[in-house]
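Below you'll find only one chain, the form predicted alone, shown as C-alpha cells.
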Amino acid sequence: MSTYKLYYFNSRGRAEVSRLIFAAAGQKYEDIRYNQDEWPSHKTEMPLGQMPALEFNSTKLPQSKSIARFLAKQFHLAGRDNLEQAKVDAVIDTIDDLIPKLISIFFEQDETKKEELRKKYFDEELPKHFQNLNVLLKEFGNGGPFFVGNHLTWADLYFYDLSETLLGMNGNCLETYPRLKQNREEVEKQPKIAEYLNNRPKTPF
C-alpha cells in the first residue's frame, strides 16, 4: 500500500495545491507541518534542504510543482490524455505568469511603496493575466466551468489557491471575470474539497 507524507510549514504557501489534490482524490496522507523554529533541525532531512517535500514510499521528492504534477497524475487530475495534460500545463504556466510581480509586493518593506505596487498590480498587471486565463478557460473548457475538458484538474485547484491569496488582498478582483469566479465556486462545491476547506488549519497565507 502506497504511503504519502507531505512536509511543509504551517501555512498554505507552496504546499496547498498538493493538499487540495489529496483532498479532491480522497487520499489519506500525513500532513506534516513544521513551525519556523522547528525547521532548522529538519532541513538536512530534505533532498534540497527546502520544503515542500513529498515522501512517497520512502522516496522524498522536492519542488512544489513536481510534487503537485506527480500527485495529479497519480489521482487522475492531470488531464485524461497527453493533449489534455498539455492544456493543463498551459493553464498552470499562465497562472505562474502573474506571480513574480505579486511576490514583489510582499517583499516591499516601505508601506507607501507597497501600497503603490499593490494598486498598480491590481489596476494594470492582474487584468492582463486574468484575461489570458479567460481565453484558455473558454478555449479548453468545452463550455463548462473547469479549465480543461469540463472536468476537475489540478489547474482548477492551482487557480483556486492562488486566487484565494489575491482575494485576500483585493476582495473585488474577480468581479469582472464571471467565468473565473464560477470556476472557483465549482471547485468549492466539490464535496471532498468543501470538507477539507472547512476543516483545514486557518492560516493567513
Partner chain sequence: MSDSDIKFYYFNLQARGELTRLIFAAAGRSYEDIRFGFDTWPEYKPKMILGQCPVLEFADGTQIPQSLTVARYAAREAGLAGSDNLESAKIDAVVDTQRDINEVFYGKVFFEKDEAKKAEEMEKFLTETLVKHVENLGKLKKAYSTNESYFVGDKLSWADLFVFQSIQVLLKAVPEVQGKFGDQFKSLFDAINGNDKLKAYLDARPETDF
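It should be emphasised that the depicted structure is a prediction, and the values quoted were computed from it without experimental measurement. Positions refer to the first chain, counted from 1.
Same protein, other form: the form predicted together with its partner chain, not shown, and the subject of what follows.
Report yes if any heavy atom of Thr165 sits within 4.5 Å of a heavy atom of its partner chain in the predicted bound form; otherwise report no. Output for Thr165 is no: heavy atoms all beyond 4.5 Å of its partner chain.
Is Asn132 one of the residues lying within 4.5 Å of its partner chain in the predicted bound form, judged by heavy atom distances? Within the cut-off, so yes.
Taking its partner chain as it sits in the predicted bound form, is Gly141 in contact with it (heavy atom to heavy atom, 4.5 Å or less)? No - in the predicted bound form, heavy atoms of Gly141 and its partner chain never come within 4.5 Å of each other.
So, Leu102 and its partner chain: in the predicted bound form, are they within 4.5 Å at any heavy atom pair? No, Leu102 stays farther than 4.5 Å from its partner chain in the predicted bound form.
For the interface check, one of 143-151, 28-36, 63-71, 167-175 should have non-hydrogen atoms within 4.5 Å of its partner chain in the predicted bound form; which one? Looking at the partner contacts, the answer comes out as 63-71.
Tell me, which of Asp123, Glu108, Asp93, Glu115 has a heavy atom within 4.5 angstroms of its partner chain in the predicted bound form? Only one option qualifies, and that one is Asp93.
Between 85-101 and its partner chain in the predicted bound form, list the residues on our side with a heavy atom within 4.5 Å. Heavy-atom contacts within 4.5 Å come from Gln85, Ala86, Lys87, Asp89, Ala90, Asp93, Thr94, Asp97.
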